[in-house]
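A lone chain, given as structure tokens: the form predicted on its own.
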Amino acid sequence: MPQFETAFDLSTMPPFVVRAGGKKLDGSLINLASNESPFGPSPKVLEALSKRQTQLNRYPDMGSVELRNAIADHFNLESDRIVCGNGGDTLIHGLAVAYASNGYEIMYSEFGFIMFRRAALAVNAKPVVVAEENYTFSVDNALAAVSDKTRILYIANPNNPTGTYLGSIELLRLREELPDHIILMIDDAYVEYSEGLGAPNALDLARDRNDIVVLRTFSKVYGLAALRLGWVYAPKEIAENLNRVRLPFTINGMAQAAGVAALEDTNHTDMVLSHTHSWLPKLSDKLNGLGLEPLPSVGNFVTVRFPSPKKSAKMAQAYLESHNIIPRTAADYGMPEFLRISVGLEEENLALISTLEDFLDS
């Protein structure tokens, strides 16, 4: 058997946790593990997909021109500063490939989105982990960790899995006090949920600047997680370089058509947001009432601590999964006493609370 050596050490690459070991989603499962919209896509998206499926024999538009123009019109942006990708993960990775490969440093916070660490390790960059303060990104700790070799600082705002965020003043202070050679990428995946709850819209910060990259996704409020569609708004030079390193045809034609249609149906996104904003505090209050400790969140999820070792997060996860309710462990984030729970449909949220009550009483 041949022994194939990797180009560098990949042994510390963290696995990406899949729901309940990859259980098949069907009508028997309540999936609260992935921060998805429980409502699915807009009817306009389904109509667009139906029309687009007759063209499956044709390669998609390599430049995603119609989609980029739709994004630019919707958010009042310059289309040539937009780069689309096969999910936000590929754009996080692409930035690392272009700017931090082979020994440079990539910074992210202690409980930051796990794809930041995976991207750093995948390009043989040095991960620099910044300690958080009360599960929140610390600007001062990040600035103190900067070196001449630092090339990228990733921050999810609000953060996954903690749900915490930096306000616009602190976010701008971070950018203005970082050295000019460091790219700041702000992952805005949950901004639609969080903007009305106090978190800043990073596009408002980046629109007139040339030193911030903003990452967005269609996987959350738009309900297109299965189609893998993300985009960034970046300075033109960075956008050009991201296009150079990405593979051609990475955004399939169905996803492009779905993205355009999703942006048009604001009534659908308003409905999703209304439901989430109604249930997020209810879910936190009910978890508190059970003696658990939810972190304050402005996303579409709650990350909750199980303080008793006799009723641990690991035990709760097993109990919930045995009743076909799927939360997500936070153990791979160094938070083994926590589970992350998405806001589901009303009946799903009620089933979760009822099952947790049974678990804690058993």
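Everything numeric here is computed off the predicted structure, so don't read it as measured data. The first residue of the sequence shown is number 1, and the count goes up from there.
There is another form of the same protein, the form predicted together with a small molecule; it is not shown, and what comes next is about it.
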Query raised in the report: Going by a heavy atom distance of 4.5 Å, is F137 a contact of the small molecule in the predicted complex?
Result: no
Requested in this report: Give a yes/no on whether L153 approaches the small molecule to within 4.5 Å in the predicted complex, heavy atoms considered.
Outcome: no
Query raised in the report: Heavy atoms within 4.5 Å of the small molecule in the predicted complex: does E192 have any?
Result: no
**Report entry** Contact test in the predicted complex: R81 vs the small molecule, heavy atoms, 4.5 Å
**Finding:** no
Report task. Among 173-181, 95-103, 209-217, 141-149, mark the stretch whose residues have heavy atoms within 4.5 Å of the small molecule in the predicted complex. Result -> 209-217
Query raised in the report: Is it the case that G163, L283 and N349 all touch the small molecule in the predicted complex, with a non-hydrogen atom of each within 4.5 angstroms?
Result: no
Query raised in the report: Using a 4.5 Å cut on heavy atoms, which of R228, R118, R246, H268 is close to the small molecule in the predicted complex?
Result: R228
